[in-house]
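Shown next as structure tokens: one chain only, the form predicted alone.
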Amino acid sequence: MSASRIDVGNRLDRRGASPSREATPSARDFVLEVSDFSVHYGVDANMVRAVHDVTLNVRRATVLGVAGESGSGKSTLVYALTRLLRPPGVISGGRAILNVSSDDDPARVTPVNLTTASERELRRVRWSHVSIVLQSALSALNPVRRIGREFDEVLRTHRRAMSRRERRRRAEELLALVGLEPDRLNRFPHELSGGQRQRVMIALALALDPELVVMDEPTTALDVVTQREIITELAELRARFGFAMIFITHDLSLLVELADEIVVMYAGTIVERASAGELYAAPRHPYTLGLLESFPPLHGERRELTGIAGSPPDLAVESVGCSFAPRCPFTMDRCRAETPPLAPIGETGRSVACWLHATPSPVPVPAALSRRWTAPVGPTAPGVTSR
């Protein structure tokens, strides 16, 4: 490996070990802190509320899964957080703080407000501290550039001291990390398979040892075998280099294997947050339950899958009450009149936005939303906190 690659031990020291849930968190514990974050498309009467008052914190060296149907605001959220959202998308409220750790002093972090950062500040933190893997690698890669030029441009811009030979060697090392041969650097994007192109995007995202990597549905267009290979590689790379990750997908079953904690989004808001195992075994929001029941189990009786009735709401129309009420099989009068807040329930740190779990409970909670869950014995990944 070249001198630019930080070894595993040093990297984990630089990022810091993730504290336990009982420890008082500090800025150094979180790589990203998002509060009351909102995004709109358009203005005035034509305004669409795509993301509304999202608050979440991502701990270092953990994976946050973001799940939801198409149009739930997942991609809009991360594009706005990284300031890659194009007009007419507008950040209309809140803030997003990226806590950049220092190479010289691992105990010191510098907060960067991504919502107000200048273009110069954004150029400094992009790739080096936060990077993104887009959903369509064929569209993200320049079709008239060889793969090697993509790596060379990133390294030449951010690592000016590296010679051309060192940049080439570094690019070969990065491809090796994702299981590709060095000769792929001489290929054009259309000469690679879908899985190979996605691996190239992952290697590019890791080129400068970022603290946070955002994955926007990186496996959606791939077959299940290639999808499995890439998920396995991502888990190995994260364990090896200790970066935090935000992984966006509509496939909850995929997140259970990769994520430490999961937030479920609907109509631009977070409706449930829990650890991956807890959410999979014991969902608390009717929408989460619907998502889980939309995927066939590998074991057990064969049964007909019904999915979630109805369609997502029109975000251009301001609604009253719970946005999921028109599709919810457990809806009550209060659901149509009042919007439930995302509130903590139980003692495990999970949160849900549903009046069924209000205290005192207005009605008996359905059995499907009150399953018991036993935490695994031993240390668990601290994951993400959210309001």
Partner chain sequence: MRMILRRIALYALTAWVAVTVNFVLPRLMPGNPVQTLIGKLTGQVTPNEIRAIRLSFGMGFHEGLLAQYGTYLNQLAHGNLGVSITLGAPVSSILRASVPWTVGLIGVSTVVSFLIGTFSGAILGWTRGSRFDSLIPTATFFQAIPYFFLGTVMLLIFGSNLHWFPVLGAYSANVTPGWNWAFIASVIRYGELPVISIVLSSVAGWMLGMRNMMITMIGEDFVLMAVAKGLARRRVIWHAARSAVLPSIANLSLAIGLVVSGALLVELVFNYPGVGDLLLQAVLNEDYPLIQGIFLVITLTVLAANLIADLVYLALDPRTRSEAAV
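Quick caveat: nothing in here was measured; it's all calculated off a predicted structure. Numbering follows the first chain given and starts at 1.
A second form of this protein, the form predicted together with the partner chain, is not displayed here; the remarks below concern that form.
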Can you pick the stretch from 308-316, 171-179, 250-258, 115-123 whose heavy atoms fall within 4.5 Å of the partner chain in the predicted complex? 115-123
Pick from 140, 292, 97, 221: which has a non-hydrogen atom within 4.5 Å of the partner chain in the predicted complex? 140
Sort through 145, 240, 228, 164 and report the residue having a heavy atom within 4.5 Å of the partner chain in the predicted complex. 145
Since the partner isn't included here, can you check whether the partner chain sits close to all of 150, 156 and 201 in the predicted complex (heavy atom within 4.5 Å for each)? yes
May I ask you to state whether residue 287 is within 4.5 Å of the partner chain in the predicted complex, using heavy atom distances? no
At the 4.5 Å heavy atom threshold, is residue 132 in contact with the partner chain in the predicted complex? yes
Partner proximity in the predicted complex: residue 190 to the partner chain, non-hydrogen atom cutoff 4.5 Å: yes
Heavy atom to heavy atom, is residue 280 within 4.5 Å of the partner chain in the predicted complex? no
Need the contact residues for 78-97: heavy atom within 4.5 Å of the partner chain in the predicted complex, sequence order, or none if there are none. 79, 84, 86
